[in-house]
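The chain below stands alone and is given as structure tokens, in the form predicted alone.
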């Protein structure tokens, strides 16, 4: 039995459908990440899962029990969850008292509270600040207090809404490390919305892509980022090379795709005549000054449109009858002198092309 199950969940505000027919199962101990553009409905879904709001339609089951009913059972379920907002609220009291607050409400004995809060202060690295007023802390420290306060109550489900969105890189890294520690030490079920797709890949067992209030794809990080199900997902996760074409032949899963008169070989189950999009990751394209001897089935003469340095990498835009974006090391870009109008070759494998139906 799944710890949390959502069946045909819908949420409507006025004339607008925020969520449409959401179906989801989250297993005990699983880390599930929600990604999607701003306004996709991520926070709305988290508020429903935390039982703060009531859905317009559909059901939420917590450990097999209907959580959409009102009353005492719903309140008991909420007490088994914790929700940390993107901009968490801290009380006008010490860090220690903020973390102890939920325990006092639950009637935990003072000796046990002191021990538990002391251990958690060590875990979140705030022992030296336990007597400080929590409202004098930095944004990253406030997030740590909020996480500590939530973890202190030992929730079965921890819900995080963009926990690192407003933090500098150093503070964000500390929060992510803290979340990773919670996952490893407590095996807490975590549902998190994140704007940082790399963070979702690092932390999550599964990822759901929410676009316009609907799940467009749910699966492992590898499934999402290497095999997007449709063009919307591919565009959202940042695949820059999405080329529309038509399959002109298919033999033993090797297909030929016509891209405006140029042809690409790829691996696909789709049949001839199918309108498709070919997705090619920039890092899977080799740029060279001459045609290279390779098992790669795709090689095109091209010219450089422009090159942009990105730290240790360079983003190279080329034209080979269709536009491509490539990623090479900055050292390689310098050695190849990849300046505007430079003639080059672009090479990539048929297995490096992910084909999706249009």
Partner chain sequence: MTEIWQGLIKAIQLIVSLDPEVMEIAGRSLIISVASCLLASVFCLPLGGLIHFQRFPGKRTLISLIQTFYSIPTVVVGLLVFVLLSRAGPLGGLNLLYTPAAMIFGQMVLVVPILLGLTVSALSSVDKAIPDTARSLGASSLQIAVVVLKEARFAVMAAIILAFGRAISEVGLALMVGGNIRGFTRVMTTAISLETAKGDLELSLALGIILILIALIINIILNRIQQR
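What you see is a predicted model; the values in this text were computed from it and never measured. Positions refer to the first chain, counted from 1.
Another form exists, predicted in complex with the partner chain; not displayed. Remarks below refer to it.
Which one of these stretches, 100-108, 117-125, 253-261, 272-280, sits within 4.5 Å of the partner chain in the model of the complex when only heavy atoms are counted? Looking at the other structure, the answer is 100-108.
Looking at the partner chain in the model of the complex, do all three of 78, 85 and 91 come within 4.5 Å of it through at least one heavy atom? Every listed residue reaches the partner chain in the model of the complex, so yes.
In the model of the complex, residue 47 touching the partner chain (heavy atom, 4.5 Å): Residue-level check for residue 47: yes, a contact with the partner chain.
Give a yes/no on whether residue 149 approaches the partner chain to within 4.5 Å in the model of the complex, heavy atoms considered. Flag for residue 149 set to yes.
Is residue 308 one of the residues lying within 4.5 Å of the partner chain in the model of the complex, judged by heavy atom distances? So residue 308 does not count as contacting the partner chain.
Would you classify residue 174 as touching the partner chain in the model of the complex, given a 4.5 Å non-hydrogen atom cut-off? No, residue 174 sits far enough from the partner chain in the model of the complex that none of its heavy atoms falls within 4.5 Å.
State the residue from 135, 231, 195, 130 whose non-hydrogen atoms include one within 4.5 Å of the partner chain in the model of the complex. Comparing distances to the partner chain in the model of the complex, the residue within 4.5 Å is 135.
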